[in-house]
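Only one chain is shown below, in structure tokens, and it's the form predicted alone.
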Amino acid sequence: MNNEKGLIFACDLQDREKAIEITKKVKKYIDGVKVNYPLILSSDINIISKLSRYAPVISDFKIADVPHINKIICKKAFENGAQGVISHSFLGKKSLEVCREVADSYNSELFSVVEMSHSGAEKFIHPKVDDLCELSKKVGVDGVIAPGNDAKRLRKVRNLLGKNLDILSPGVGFQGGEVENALEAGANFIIVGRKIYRSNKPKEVAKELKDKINNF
């Protein structure tokens, strides 16, 4: 990411034209736009290049497959204009390294999931957060994903990573997180979706969020 902190718009819509319309409205206040499977599957992968006209696109595919499949997924994202991809880290070193290699070949970024806040994470992810952070550092990701609505777990991730890696944090807004709390716990970039795209005034909401980030 170009800045030390900022706002990422999670464009988790299924309507292609609405996704473009809202991203265009909020482009002044966002540092990136995150696209997920709902939008890709409801339109097609070239929505990445369309949205990249307004902000850098991070493809949130949460890649979690064998190395050669991970390579194909990353290449498709970058070929269509993505400037970053998100991969799970629990698949192990080789699967994550392949994503790193492809990202490097496109002069782009790789982010890994090391924490999640949903109930299922308590059994399978929380006990391994130390290992996932260590692996992410070894592979050399550009940043990690950790929840902005759980300050305790977010602060733990920051302590495990040190100061050199960015943390991108969803969970602010509809999931109960607050901008200031997430930033204080160690987040660099706040990821917000529904609070923006469900609003009748998405531009104003994005500005309010960005102002809070800038004034922190």
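These numbers come from a predicted model, not from an experiment. All residue numbers refer to positions in the sequence shown, first residue = 1.
Omitted here: the form predicted together with another copy of the chain. The next part is about that form.
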**OP:** Please state whether every one of the three residues P38, I69 and K123 places a non-hydrogen atom within 4.5 angstroms of another copy of the chain in the model of the complex.
**Re:** yes
Original post:
Wondering, does E178 line up within 4.5 Å of another copy of the chain in the model of the complex on heavy atoms?
Top reply: no
Original post:
Should K62 be counted as a contact of another copy of the chain in the model of the complex, where contact means heavy atoms within 4.5 Å?
Top reply: yes
Original post:
Looking at the partner-bound form in the model of the complex, is S112 within 4.5 Å of another copy of the chain by any heavy atom?
Top reply: no
**OP:** Indicate whether S108 is a 4.5 Å heavy atom neighbour of another copy of the chain in the model of the complex.
**Re:** no
Original post:
Of these, N188, S43, S52, N149, which has a heavy atom no more than 4.5 Å from another copy of the chain in the model of the complex?
Top reply: S43
Subject >> Partner contacts for 124 to 143, taking another copy of the chain in the model of the complex and a 4.5 Å heavy atom cut-off >> reply: F124, I125, K128, D131, L132, L135
